[in-house]
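Have a look below at one chain only, the form predicted on its own, in structure tokens format.
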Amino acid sequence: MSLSFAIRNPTLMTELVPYVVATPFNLPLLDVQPFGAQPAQVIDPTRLSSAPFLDILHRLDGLTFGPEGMPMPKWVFYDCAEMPGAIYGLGLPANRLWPAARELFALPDGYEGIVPLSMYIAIPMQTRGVWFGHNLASAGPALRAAGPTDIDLRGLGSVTKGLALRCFGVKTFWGATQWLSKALFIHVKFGPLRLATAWTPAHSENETLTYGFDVTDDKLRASIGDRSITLERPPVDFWLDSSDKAAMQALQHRIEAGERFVIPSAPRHEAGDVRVPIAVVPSSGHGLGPGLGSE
């Protein structure tokens, strides 16, 4: 498949096959060919014939989040993702998988369909065009750990998320992740991330941040790897150590008191810790787009 612009790792678009999991009710609202990519293979979660693929998709979630202690039960997939929202991802036909990959996914005998190597799940919120990101999964790390891969999978997570947001028609995006999560390096590719929470007891992981941004084509293209796009990023005012719970709670109190902050750029690894940059957003909003500078 090809895009309407060049990206950093074109192998992802020439070798992998896109798919979308959506009900017949939601499918007409989706763009199954985002940015001119090859039309996505449609998986209908209400049909019996989709069960083998959805079982493998559940395996992908376990490979990604099982080590973190947050694998998703199958009922959550259906109740919270496949029915109300949509899933977009990239994969390979089973007959193109190398032996280590087939073993990793525990493919059933005779399965000849697509094997998902990545997925992005989002759920629509009450306001039209506003979506909440539920799950970003990539088999890249697990496949590299299992042995040499036959395909260059660099950037698979960010490309998948960027195409997914375009497929879903997202205008304003919200998501939640942990300060220590490697996914934060992907999320900042979309530009500065407005912080809604820095310490979140409502989540099972208190060290969770809630972030958002207004979606534009430039942000999506930048996240996918279009080097012709340069996003505006405010300067860093201070750094938060991702293991410093007291600093997270202090930042949460400042947010609740009315101050506004963004994560402007990628975290840094320093002395075995991850340090996350924080920028203070003045009342002018720093040109970050509607809704990102004030309530």
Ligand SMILES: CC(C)(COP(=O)(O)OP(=O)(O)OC[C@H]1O[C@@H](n2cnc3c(N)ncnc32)[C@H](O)[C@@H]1OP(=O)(O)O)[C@@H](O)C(=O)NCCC(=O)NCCS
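Residue numbers run from 1 along the displayed sequence. Small disclaimer: the values here were computed from a predicted structure and weren't measured.
Keep in mind that the form predicted together with the ligand is not shown, yet the notes after this line are about it.
Asker: Among the candidate residues A176, V76, I151, A94, which is the single one with a non-hydrogen atom no more than 4.5 Å from the ligand in the model of the complex?
Answerer: Of the candidates A176, V76, I151, A94, A176 is the one lying within 4.5 Å of the ligand in the model of the complex.
Asker: Using a 4.5 Å heavy atom cut-off, which residue among L156, A198, I114, I87 comes into contact with the ligand in the model of the complex?
Answerer: After the contact test, the surviving option is L156.
Asker: Whether S181 contacts the ligand in the model of the complex should be assessed with a 4.5 Å heavy atom distance threshold; does it?
Answerer: Residue-level check for S181: yes, a contact with the ligand.
Asker: Does the ligand get within 4.5 angstroms of any non-hydrogen atom of L136 in the model of the complex?
Answerer: It does: once the ligand is placed as it appears in the model of the complex, L136 has a heavy atom within 4.5 Å of it.
Asker: Taking the shortest heavy atom distance, is T64 within 4.5 Å of the ligand in the model of the complex?
Answerer: Although the ligand is absent here, T64 would touch it in the model of the complex, with heavy atoms inside 4.5 Å.
Asker: Taking the shortest heavy atom distance, is R144 within 4.5 Å of the ligand in the model of the complex?
Answerer: Yes, R144 is a contact residue.
Asker: When the ligand is placed as it is in the model of the complex, which of 106 to 114, 123 to 131, 181 to 189, 162 to 170 ends up with heavy atoms within 4.5 Å of it?
Answerer: Stretch 181 to 189 is the one.
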